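Read the single chain below, which is given as structure tokens and is the form predicted on its own.
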């Protein structure tokens, strides 16, 4: 073959090779990124698999038996009573510290050997745990008007035994075990208790009497017992029972099954009050607006020793209450609080607060930013019923025409 017949060699294309290598490098990077994603998914699935296996093992574990520890013997064994009822003498696991084994503690037992394998935490009803006030109310003694004598007695009987217990010991007297606040509704009993919770650094536990009334036998007494156990654990503490007449009503000879359950709750309360050390770090407060129906066992010396009466505020006290509730209000110059204090002769502290609120609402209704005297006059006519109504100004309609009394 001649040289002319030979095929011509194609020139070497370096650009094609460079593009090909670049595409391969890009492909490698994509594969490495995909590998990292798959490895992350694998690790996630592996952890999920381990969690599911652990959960499966927990499900396959035989259940433990709940029991109550009654006593610990000298040889290290313990006497327990299971939830089913019978008592057993059982061994104790070596991993449990001896100081944790206290009579009355809840323990868990192995199902086959009945050995104690764990000491359970003490249980309390969620209703009892919810009685503790974590954040102190924003009410101080300066927000309580016209109750100087009552505030002084509260400080002497509640705060002083907690802050200076040695003073009572040196004098040789015992502070009152319980303090009962009684008076008409709206006179400031619960407000003063909130002020005590704000001023003292003690744990404040508040319960309403109706919360302690339960349906089943023994449940109300159990709540009372756990409430005072919580108070002892959180000492120094103050236990405040509002509306005491819900469980402390006078016991009658004839009663229904529901009344007998309320009486059991009352007897548990009396037992808890009697069981306290007078100089202990737990103080007891109660409030009621029906002292006439309380059982005499509550009022005898040694239980509620100090009875504090909350009367209807006089003119001077009403003026102080008006000043407290109007200090943040934008009042007109024509507002005379002394006239309002004279005009609300039979009003309680709650009535005066409602009057101030209604006066502000009348001003807002008229599109004004200042509260005028006429707004207060209208509020008095609206809040106070006819039996407690003062003389209504002539420029206002009579309350029976305004509100249909």
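Please read these numbers as outputs of a predicted model, since none were measured by experiment. Positions refer to the first chain, counted from 1. So that the term is clear: the rigid core is the largest set of C-alpha atoms that superpose within 1.5 Å between two forms.
Omitted here: the form predicted together with a small molecule. The next part is about that form.
- In the model of the complex, residue 303 stays away from the small molecule, with no heavy atom inside 4.5 Å.
- Using a 4.5 Å cutoff between non-hydrogen atoms, residue 248 does not count as a contact of the small molecule in the model of the complex.
- The small molecule in the model of the complex is not approached by residue 281, whose heavy atoms all lie more than 4.5 angstroms from it.
- Using a 4.5 Å cutoff between non-hydrogen atoms, residue 211 does not count as a contact of the small molecule in the model of the complex.
- Judged against the small molecule in the model of the complex with a 4.5 angstroms heavy atom cut-off, the residues 157, 178 and 298 are out of contact without exception.
- Of the candidate stretches 266-274, 137-145, 87-95, 107-115, only 137-145 has residues with heavy atoms within 4.5 Å of the small molecule in the model of the complex.
- Proximity to the small molecule in the model of the complex, taken as a non-hydrogen atom within 4.5 angstroms, holds for one residue of 261, 242, 153, 226, which is 242.
- Contact annotation: of the candidates 237, 190, 326, 200, the single residue with a non-hydrogen atom within 4.5 angstroms of the small molecule in the model of the complex is 190.
- Core-superposed comparison between this form and the one not shown: the Cα of residue 204 travels 2 Å or more.
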